[in-house]
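Next up: a single chain in structure tokens, the form predicted alone.
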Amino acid sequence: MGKATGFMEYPRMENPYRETQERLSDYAELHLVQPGEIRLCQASRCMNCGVPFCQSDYGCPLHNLIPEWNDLLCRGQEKAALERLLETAPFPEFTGRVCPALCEKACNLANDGVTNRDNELYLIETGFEKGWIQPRIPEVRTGKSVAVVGSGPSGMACADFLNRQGHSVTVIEKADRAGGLLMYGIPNMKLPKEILARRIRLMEAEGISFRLNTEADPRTLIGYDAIVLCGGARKPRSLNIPSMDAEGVHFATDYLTAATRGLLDGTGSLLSAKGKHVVVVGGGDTGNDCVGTALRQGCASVTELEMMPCPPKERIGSNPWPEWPRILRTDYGQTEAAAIQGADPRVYETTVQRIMADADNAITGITTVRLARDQEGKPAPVPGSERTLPCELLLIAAGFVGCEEATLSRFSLKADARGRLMGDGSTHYLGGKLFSAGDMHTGQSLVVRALADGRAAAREVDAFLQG
């Protein structure tokens, strides 16, 4: 390790948030950047453990060599540290911003874990600033061509890996901009879109082609030697209650997409929360992003409903280290809502029972109901717990149930019971020239897991092409 006593001398110091009122006035990045001296000190807190759980399955799906590049960073060898990071991490500028940092909770310092996410972000941004990040163009091409369908995290990681192996890669994206979930599923304040555009430009310089506004179809992909489906688990989970077709009821991804597209086009969002009472159903990352976006659009109020009970503040016995701690967390959106409204917007063990609409079928309010677990452990409504809330915008962020039916139909595929496309033995190979990767293969998960699965699929495709 760079400094044997680093973890005792320096307290954990994350990149701080910008002041709440300031960041609510724009869509700029949430965090402030700390000087390099702080990052070097923070890297010195890494103990280079004999058993580094941070890079195990508990910690990093990409299996980043975290102790190694932290050691190089704390010694001031930034370029060497970046090179070591890039051996396993395809896009640290993404994970350094949106990854929940599983590695930090698996750190032997436990709740005081090393700031790996901020450290990797510092390394990659320093690399871009100093010109160390340059197009890496394969010296030899194999003559094999691959179509990657979908330009989200798994598609980008898959395309990046296969291009480095010398294959000719075309990424096919049905949206008007590349990036998939990274572009339209994550708000600009969490992942600035210029950061994403910068990486796309770099990939194009390395020889990867992006075809936008294009629906993939087997008939148009005949000439490719392999096809990798990376379309994500985009089928949203519905509430399954009447009046879901009322004006003002939207799935979270549609709302976030409209917000980002309006910001980038300079037109404003077509699904604005301005002046409206907003209710968000779902307490995960997407629900929190809806809360933060609604506040920036000037909503009248925002309430977040969560079907599950409030998590404990500390680990319980069935959730030991180095597992990810299933404890109460308050993210940026909830913090901002509390600052504006005076209270946490989350209401636990509650769901929507009824949607109320006017004569024009526009939503005017909702009836919520408390939930309790029955004898089989399933949530059931509590009689007499109904409550009416004003609501002109209802956002459903209840997760996803699998890949879209249109994709399955076009490629004559059948998903498993969880909506996943998996080959025999959980491989990525679907038969013929087809492979799947990312959320389409694993089910809804984290960006970092999608990156890891995209690379894993790319290895199988490479072996398939090379023989």
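This is a predicted model, so every value here is computed, not measured. Counting begins at 1, following the sequence as shown.
Only in words, not in the display: the form predicted in complex with a small molecule, which the text now covers.
### Query
Among 356 to 364, 151 to 159, 243 to 251, 261 to 269, which stretch has residues with heavy atoms no more than 4.5 Å from the small molecule in the predicted bound form?
This holds for exactly one stretch, 151 to 159.
### Query
Does T20 reach the small molecule in the predicted bound form, with heavy atoms at most 4.5 Å apart?
Heavy-atom contact with the small molecule at 4.5 Å: absent for T20.
#### Entry: T220 within 4.5 Å of the small molecule in the predicted bound form, heavy atoms
Answer no; every heavy atom of T220 is more than 4.5 Å from the small molecule in the predicted bound form.
### Query
For E173, is any heavy atom within 4.5 Å of the small molecule in the predicted bound form, or not?
The answer is yes: E173 has a heavy atom within 4.5 Å of the small molecule.
### Query
Hey, in the predicted bound form, does L24 get a heavy atom within 4.5 angstroms of the small molecule?
No, L24 stays farther than 4.5 Å from the small molecule in the predicted bound form.
### Query
Is every one of H31, Y122 and T126 within 4.5 Å of the small molecule in the predicted bound form, counting heavy atoms?
No, the whole trio is out of contact, none within 4.5 Å by any heavy atom.
### Task
Find the only residue in R370, H167, K190, K193 having a heavy atom within 4.5 Å of the small molecule in the predicted bound form.
Flagged contact: K190.
### Query
Looking at I133, A197, L239, V98, which has any heavy atom no more than 4.5 Å from the small molecule in the predicted bound form?
Spelling it out, the residue with a heavy atom inside the cut-off is V98.
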